[in-house]
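Below, in structure tokens: the form predicted on its own, a single chain.
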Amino acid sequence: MQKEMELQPTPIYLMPLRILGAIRKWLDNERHLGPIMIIPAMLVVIGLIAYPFGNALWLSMTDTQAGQEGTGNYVGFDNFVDLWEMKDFRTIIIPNTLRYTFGAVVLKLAFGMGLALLLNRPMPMKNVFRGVILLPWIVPTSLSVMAWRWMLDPDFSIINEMLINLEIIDKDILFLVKPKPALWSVMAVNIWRGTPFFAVTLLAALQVVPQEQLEAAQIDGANVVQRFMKVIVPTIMPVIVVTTMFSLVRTLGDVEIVWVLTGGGRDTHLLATYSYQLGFTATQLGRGAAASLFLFPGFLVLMFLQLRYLQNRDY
């Protein structure tokens, strides 16, 4: 009797339930569910990162011009060679980019660490300060940089007025006119905007530092600096490495701050702004793509070393 009931066909109205049950059973297997959960992220990576990067890599090896039909002729590494043979590119743009990128990232890491350590201590209205510190990071870049442009303007700079009233300087500083002050001004705005990212990320990492280790180090006679260097830094080092690499990539591709403050120009041109100028103003898409990828091999090495460090640490 039981065998006869099993052989009876499933009623049509129960078919959806049978199908859903089969799908659920199939998804209970981790080998099936894992790849399915990764598909949305893979589509985002392929569509927004892999494809644009591959397209830029191909354009950098062609003489494509803006407005022409199709892709230009394949020229190999000629665009990179032509850029390197330009004196301004070697002596101004690359040094400016390296000083701006590494200088800003190091100072953002230092200031962010200081703010994270400060906000990690017991203090009144701590949650309010944690929210306020995010304002430079969440305000739209163009809006905040326009305010900085007004404050640094050579004709009516409020910063110059404050410094003169405090008798720190006796004449106006041409922040956005002279080469060195212009580059330092652009870097300062980038530091102001990027420090909250480091502060919030490192503050989250500090929450998982074992208090027992800190207390044991204090009992053993370690001072504040020793506890920081021997306990805190080694514990949060993976977060520091990943955050720093992310900030390096983000700072290297920074266009908005430089473009709004100085419009590029010879003294504050970076690879990102120069590639934008070549590609969209001068319509040389191929050479612009080559400029944007000029330092990519160096950063690829840094990312490889970062991954090796994290893998060795986990091992």
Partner chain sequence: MDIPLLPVLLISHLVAIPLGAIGGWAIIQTKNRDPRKGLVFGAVAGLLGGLVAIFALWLAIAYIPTVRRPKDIAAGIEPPLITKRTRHDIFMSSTVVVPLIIHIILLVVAFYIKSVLIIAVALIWLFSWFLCMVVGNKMFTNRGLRGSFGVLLGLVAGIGSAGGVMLLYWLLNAYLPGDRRGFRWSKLTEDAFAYTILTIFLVLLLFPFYWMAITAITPEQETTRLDDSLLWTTNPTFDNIENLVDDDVPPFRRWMRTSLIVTVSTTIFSVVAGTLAAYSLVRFRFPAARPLGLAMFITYLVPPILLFIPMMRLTESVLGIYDSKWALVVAYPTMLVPFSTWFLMGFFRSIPPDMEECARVDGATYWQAFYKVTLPLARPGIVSAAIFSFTLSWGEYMYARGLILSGNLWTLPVGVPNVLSTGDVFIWGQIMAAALIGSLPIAIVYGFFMQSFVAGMTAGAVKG
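The model shown is predicted, which means the values in this text are computed figures rather than measured ones. Numbering follows the first chain given and starts at 1.
Form predicted together with its partner chain: not shown, discussed below.
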Can all three of 211, 222 and 267 be found with a heavy atom no more than 4.5 Å from its partner chain in the model of the complex? no
Does residue 230 reach its partner chain in the model of the complex if we count a contact as any heavy atom within 4.5 Å? no
Test of understanding: in the model of the complex, would residue 64 fall inside 4.5 Å of its partner chain by heavy atoms? yes
Any chance residue 153 has a heavy atom within 4.5 Å of its partner chain in the model of the complex? yes
Partner proximity in the model of the complex: residue 89 to its partner chain, non-hydrogen atom cutoff 4.5 Å: no
Of the residues 182, 115, 83, 105, which one places a heavy atom within 4.5 Å of its partner chain in the model of the complex? 115
Residue by residue through 81-96, tell me which have a non-hydrogen atom within 4.5 angstroms of its partner chain in the model of the complex. none
Between residue 48 and residue 102, do the C-alpha atoms lie closer or farther in the model of the complex than in the shown form, with a difference of 3 angstroms or more? farther
CA-CA separation of residue 250 and residue 298, closer or farther in the model of the complex than in the form shown [shift of 3 angstroms or more]: closer
